[in-house]
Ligand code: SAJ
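Let's start with one chain on its own, the form predicted on its own, as structure tokens.
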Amino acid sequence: MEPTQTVCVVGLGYIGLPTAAILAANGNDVTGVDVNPRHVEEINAGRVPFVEPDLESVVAGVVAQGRLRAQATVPHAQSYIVAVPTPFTETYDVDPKYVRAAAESIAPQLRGGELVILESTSPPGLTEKMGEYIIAARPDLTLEPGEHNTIHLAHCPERVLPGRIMIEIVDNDRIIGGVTEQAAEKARDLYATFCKGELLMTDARTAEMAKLVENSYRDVNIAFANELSVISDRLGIDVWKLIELANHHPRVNILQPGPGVGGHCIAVDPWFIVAAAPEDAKLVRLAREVNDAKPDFVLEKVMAKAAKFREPVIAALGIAFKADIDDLRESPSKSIVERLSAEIEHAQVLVVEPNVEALPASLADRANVEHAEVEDAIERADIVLVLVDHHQFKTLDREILAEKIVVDTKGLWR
């Protein structure tokens, strides 16, 4: 089967690699580019450098077929997809350094007529800014439509859930935002090679804003649940029972509280709206502040329990930002454990994270922190702190908790 087209995916992380693999599995000839030599080596061996269900089998297959290869340098391709981080600054504005680096690495390979898609979460206008970076490096090209040397820009945000990426990347509806109508049409044709969901056409700025709005909606609703959990704790009410009862109302669907909000999307994207409209984004800002404050509340509870012991042993169950993945980005659970190990005098912290082989340096380098197996950690602990509802924790025999002080931020063992 002849390839549909040649595609280069810049950034082979949690979004870029699944995108590259799915494109290759659907007939495209794909080159993935990453600055991490380990990622390149692992992918070319048909392996995946992080945990995501069903991804490794797809990668192994397309690599073996010669449809996907990884390398450190950008080749020429008909289409480029940029899937690099977009961190925010201390003033909550986007730091475009990775997008700029990607644009400048793509620019030398362009001949005119190529499609360049930004998938990275972006504030309104970053896709156009990416085009400016390209033109600054290649003034012989243009972004104006209809020319032989036109470069076509689009923003097509991902909207997948870690742990279900390989399903949702195909089945979910997709927003296709072109800087021009022709760019949108080219992007639609590319995503149509694998996407079974509806392809929703719009302009690039609206597409950028739509992704921010989707995650801010989630953030606001999680903040309501987290605020309820704090209020309920003060009033001696079981928040999970409270939410269960309230959700019996036919028009109420309250989410579940937790130790905070993590990941590169929900914990980050609302700040881009705040930065874009600081005087008007009042609710969005407040929700972020509520969720960012939840780890302080959890830490306060654990420290109060730990004060009863001379040398407390704390089993911290989970440091990923959500269940059954290895992703630690912006994880409130990891932050809580880091602070526990630093702020509770003479404490020993047993970290149970079954989805990582080794703890991050921020924990591994501390003498009072140990990476432990779950049953051993609970047996040795005075306090058991549930931070993530990994499936391994849900099936534990409750009897091993009989003599333990339990702080459960997920309602796992209520």
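The first residue of the shown sequence is 1; numbering continues from there. This structure is a prediction, so every number in the text was calculated from the model and none was measured.
What follows is about the form predicted in complex with the named molecule, which we do not show.
(message) Quick one: 160, 211 and 269 and the named molecule in the predicted complex, is every residue within 4.5 Å by at least one heavy atom?
(response) Yes, each of 160, 211 and 269 comes within 4.5 Å of the named molecule in the predicted complex.
(request) Would you point out which of 74-82, 211-219, 272-280, 191-199 contains residues with a non-hydrogen atom within 4.5 Å of the named molecule in the predicted complex? (result) Heavy-atom contact with the partner occurs in 211-219.
(request) Consider the chain as shown here, without its partner, and state which of 265, 102, 207, 340 has a heavy atom within 4.5 Å of the named molecule in the predicted complex. (result) Spelling it out, the residue with a heavy atom inside the cut-off is 265.
(message) Please identify the residue among 303, 167, 255, 230 with any heavy atom within 4.5 Å of the named molecule in the predicted complex.
(response) Of the listed residues, the single hit is 255.
(message) Just checking whether residue 177 would be counted as a contact of the named molecule in the predicted complex - the rule being heavy atoms within 4.5 angstroms.
(response) Answer no; every heavy atom of residue 177 is more than 4.5 Å from the named molecule in the predicted complex.
(message) Within 4.5 Å, heavy atoms only: does residue 261 come near the named molecule in the predicted complex?
(response) Judged by the heavy-atom cut-off of 4.5 Å, residue 261 is in contact with the named molecule in the predicted complex.
(message) Does any part of residue 322 reach within 4.5 Å of the named molecule in the predicted complex? Heavy atoms only, please.
(response) Contact check for residue 322: yes, within 4.5 Å of the named molecule in the predicted complex.
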